[in-house]
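Quick setup: one chain, the form predicted alone, written in structure tokens, and binding and motion questions come after.
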């Protein structure tokens, strides 16, 4: 990677209920692999990803924030300085899927409360566990529009379905914001 250009670091918070696949999605994107066994995140985990765009060096720090209510008290400090966010819910047709869908707006309210109006992408994860033809996106698309999310992606950490596209939507948005603010300041 050419490190001769400008260097920028962006923190991205990844949130959602426990067991929806946040860690698995980040691992798939940053390392290209899937971890089969579920390991509960305690507090937060941190991942980094580097990319060069137009000669500029970008480092993304993904903060994988535990979804269990036990860690509510830690969230304000974990959200601090985030430049973008990803909310993950499960597409599974079970209690986890239903509850995690209901909590999308709560997660977004937390993001807005602690970070302001930052670019946010929504991932409906575990698409490999459902029949996509039977999914109806009307409710989720209403939330995406009402909340002005950057995008919505049906993802699978297992197969990699739309994982890269979702993460790159955030990268592209941060790059465009960086370029815009840079040209204004020059």
Ligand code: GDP
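What you see is a predicted model, and the numbers here were worked out from it, not measured in a lab. Residue numbers count along the first chain shown, from 1.
Below: the form predicted together with the named molecule, not depicted.
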property	result
In the model of the complex, the one of 141, 150, 158, 135 near the named molecule [non-hydrogen atom within 4.5 angstroms]	158
Contact label in the model of the complex: residue 52 to the named molecule, heavy atom within 4.5 Å	no
Close approach of residue 13 to the named molecule in the model of the complex, 4.5 Å, heavy atom	no
In the model of the complex, residue 171 touching the named molecule (heavy atom, 4.5 Å)	no
Residue 61, heavy atom within 4.5 angstroms of the named molecule in the model of the complex	no
Segment assignment from 142-150, 113-121, 52-60, 127-135: heavy atom within 4.5 Å of the named molecule in the model of the complex	127-135
Residues from 12-26 in contact with the named molecule (non-hydrogen atom within 4.5 Å) in the model of the complex	17, 18, 19, 20, 21, 22, 23, 24
